[in-house]
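Starting off, we have a lone chain in the form predicted alone, written out as structure tokens.
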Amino acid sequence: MANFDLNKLTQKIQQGVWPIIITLAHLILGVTLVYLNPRSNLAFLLMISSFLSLYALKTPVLFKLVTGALLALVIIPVIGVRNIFYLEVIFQISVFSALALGLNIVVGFAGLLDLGYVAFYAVGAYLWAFFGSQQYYVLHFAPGTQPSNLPFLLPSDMFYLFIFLAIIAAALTGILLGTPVLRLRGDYLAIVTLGFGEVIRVLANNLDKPLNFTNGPQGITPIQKPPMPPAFVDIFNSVFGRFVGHTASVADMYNVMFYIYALVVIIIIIVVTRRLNDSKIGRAWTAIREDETAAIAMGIPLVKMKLAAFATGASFAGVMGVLLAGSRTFVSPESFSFMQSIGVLTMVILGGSGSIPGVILGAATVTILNLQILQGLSLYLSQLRQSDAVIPIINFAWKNLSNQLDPAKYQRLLFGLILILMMIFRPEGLIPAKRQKRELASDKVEVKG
């Protein structure tokens, strides 16, 4: 009876004006709490989760577009300038959403397990890092010995050209990886791609001799940012200054600008991905994922389609690499470790392999968990250690608590537990792809039968 009532309530919520009312109430409450409490992580989570209400509730398409644009292009920049950490978290969500969408093509659509995906991210980052910095004039200097007055090789507005060049460079790298490993499947393919990712990282770490291409472990800096329109800061301050509470600086507006760039890239990736998924290429990838032998028998060019999957997924990572280098003005090999690839794969599996909204939700969940929840708990424990407070009942002083118990240090353990629990209780992911959902439902029916 209780289950029936719950289903009835769910159906009622999805009818009439209730979805619009609930979505607006969720959004207004979250924005109000964040505005009044700029440092509250709980308020930020409430605000950012309004995107989920906007997606899940059945509201008109025009309402979704207008509300989503207002939240993404007006509210988030204002809230982000009030507390720049929020904008950093959202930028990281955007970056990893793009990476996860790219890996989703390889893993979710084509069924090719890639554990070295971060290598394509590194290709894009180091491409702009080399040509957009002074590194060309440092080739004959050992790391740390170059003069301080060297010029930049290219003007900063070449950044936009390198976004397109990164697409080409990363796609060619994806083809280079895919060509020799096309005969491999499953675990063997995963091991080879893992090795490829490590090769790129080790090359970036050691290409500081005999010519200093990457500056080794010290990384490349400074890297130029793209030019900002002079009136951008003034227009923002004149329109939103009263809501922000202080005058936005050029540094603040650069953060907003890179967030908008990342948002534009994500929208383009979503459009391209959806069109590919519904095209002949997408159906070929699905056939390859389900049964390679049957796909070959149906006349699908296996080599060509696998290379297309590697190249397409890699190109998305290359674009975000350029944005990373431009926004951080620094790149180093540590940013492209094996754990980064595992983190992106975790986002795909958590959200739902093959599902575009699911992958974005997975990226947001993992990023917020890592940057806000775990880091916030660690900072809170650090504050308790500096006080004279004690744990009730057992009368244990917080200052005697070991640093090894900081939640931020157990990120890998927590992600591993999340993956195990997802495989046991919800293997299709948080927002499963429609095709995979139907397949799992049919499998359950067969098991019961």
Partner chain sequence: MKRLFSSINIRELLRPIGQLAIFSLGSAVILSAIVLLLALIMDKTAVGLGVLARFHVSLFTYTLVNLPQVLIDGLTIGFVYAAIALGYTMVYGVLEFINFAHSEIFAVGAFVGVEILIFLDGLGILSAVPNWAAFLILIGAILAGMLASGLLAVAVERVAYRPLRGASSRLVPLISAIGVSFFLQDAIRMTESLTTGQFNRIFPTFGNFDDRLKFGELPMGANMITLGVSIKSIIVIIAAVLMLVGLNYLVNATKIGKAIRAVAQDRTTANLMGINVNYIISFTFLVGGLLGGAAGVLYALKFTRIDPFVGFFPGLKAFTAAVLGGIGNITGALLGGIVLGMLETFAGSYLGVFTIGAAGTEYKDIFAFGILILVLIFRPQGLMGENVSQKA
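Positions refer to the first chain, counted from 1. Bear in mind that the values here come from a model prediction, so they are computed numbers and not experimental data. Only the largest set of C-alpha atoms that superpose within 1.5 Å between the two forms is called the rigid core.
Not pictured, yet referred to below: the form predicted in complex with its partner chain.
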{"item": "Contact assignment for its partner chain in the predicted complex, among I266, I260, I167, I349, heavy atom within 4.5 Å", "value": "I349"}
{"item": "One residue of I75, L115, M305, V233 in contact with its partner chain, assessed in the predicted complex (non-hydrogen atom, 4.5 angstroms)", "value": "L115"}
{"item": "Contact test in the predicted complex: T67 vs its partner chain, heavy atoms, 4.5 Å", "value": "no"}
{"item": "Distance check, I270 to its partner chain in the predicted complex, heavy atom within 4.5 Å", "value": "no"}
{"item": "Contact test in the predicted complex: F338 vs its partner chain, heavy atoms, 4.5 Å", "value": "yes"}
{"item": "Contact label in the predicted complex: L417 to its partner chain, heavy atom within 4.5 Å", "value": "yes"}
{"item": "Partner-facing stretch of 309 to 317, 154 to 162, 196 to 204, 239 to 247, counted where any non-hydrogen atom is within 4.5 angstroms of its partner chain in the predicted complex", "value": "196 to 204"}
{"item": "Within 178 to 197, the residues that have a heavy atom no more than 4.5 Å from its partner chain in the predicted complex", "value": "P180, V181, L184, R185, D187, Y188, A190, I191, V192, L194, G195"}
{"item": "R385: Cα shift of 2 Å or greater between the shown form and the other one (core-aligned)", "value": "yes"}
